[in-house]
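There is one chain below, alone, in structure tokens, taken in the form predicted alone.
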């Protein structure tokens, strides 16, 4: 009865993931037909939920490769039971990030122009290159971790030892790839010198810390959800080690988040004061959530040596929510700190920007756009999440992801 119950949960998760995908696809189809005006994106605010999700899933996709590479490069036996679930989680997340970026295009076929007429001077071009290469890295890692458990090789000790050596060698590629995918994608922001909130050399570095924190937390959450209580207890040393790595990454993320504020405050310009007002006043609640939620999780990860499954899962969820908020906060102050300004009578006057649509009773030109994802955006945004749920549930049905599974 117990195995049937577990099987039922996997099937229910698979169905839930499929339903989310169907809902997301239907909303996306509606968006393609009706146009991007069904979103709350406008000329003054061109990137929103989809682009924030793209960056978020990129970070989440890195965690599995970090776990995979760390386990084999340093021969950490406590982490090896988690490499399969970590690799599959990374593959599902990086595919989800690709879906999110396509959702942001008003017309998906526009992506063909990057192949037909590539602009090598554009950060987006290099994003596509590194993303494609990273998908290949994840696929190879998944294959390497799955093959030893196939019927052909399950009882072949020699093959397992040979495969472990292949994993170790491949980790020399996977480890830097997990960093590069975050560095290259974050340069899309850091190279935009007209946006003071983005134009920082720390953004790519902090992106790596965030990726390590949220990616490993996501891997921990997958393990906690799928592991039986006995397996969780038997592998608690590995979970504890992952939690400490995540805690160190969270500490680095929090420190760098405040360091990024210092040069903005130090400059003392009217533009800087306006940006700080946006960060700490207009979006102050979100800013402190992106700091405090991971901070609480960090404390739990550090002091909770004997944490049960529920608390470990809760801490992981706090990190995931906090870093998602951070990805959205990368956009909110930046777009509402319009770079076209003029000092008038000792005050900062912002040139209005056309919103790009005409709606009776609403402004055609604005200096601030109160962006919040529309209902259509939220439903479309469910698609990549549903994809991850579907892939992980399907993998749990098809493969032996953890030692206790048949």
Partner chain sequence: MRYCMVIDLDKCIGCQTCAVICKMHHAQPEGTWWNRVFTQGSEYHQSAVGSNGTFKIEYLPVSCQMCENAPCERVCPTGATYRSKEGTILVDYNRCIGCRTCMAACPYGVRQFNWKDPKKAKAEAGYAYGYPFDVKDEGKRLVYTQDRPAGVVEKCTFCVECMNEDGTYHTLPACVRACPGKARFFGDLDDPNSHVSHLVRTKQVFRLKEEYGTDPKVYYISSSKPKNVEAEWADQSWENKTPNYIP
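The structure presented is a predicted model; accordingly, all values stated were derived computationally and were not measured. Positions refer to the first chain, counted from 1.
Note that the form predicted together with the partner chain isn't included here; everything after this is about it.
Every member of the trio 36, 43 and 107 reaches the partner chain in the predicted complex with some non-hydrogen atom inside 4.5 Å. In terms of contact with the partner chain in the predicted complex, the residue from 170, 198, 232, 283 that brings a heavy atom within 4.5 Å is 198. Of the residues 265, 299, 255, 111, just one reaches the partner chain in the predicted complex with a heavy atom at 4.5 Å or closer; this is 111.
In the predicted complex, no heavy atom of residue 269 sits within 4.5 Å of the partner chain.
Residue 132 falls outside the set of residues with a heavy atom inside 4.5 Å of the partner chain in the predicted complex. Interface residue remark: residue 176 is not counted as part of the site for the partner chain in the predicted complex, having no heavy atom within 4.5 Å. Although the partner is absent from this view, residue 370 stays clear of the partner chain in the predicted complex, with no non-hydrogen atom inside 4.5 angstroms.
In plain terms, the part of the chain that comes close to the partner chain in the predicted complex, with a heavy atom within 4.5 Å, is 112-120 out of 242-250, 112-120, 220-228, 78-86.
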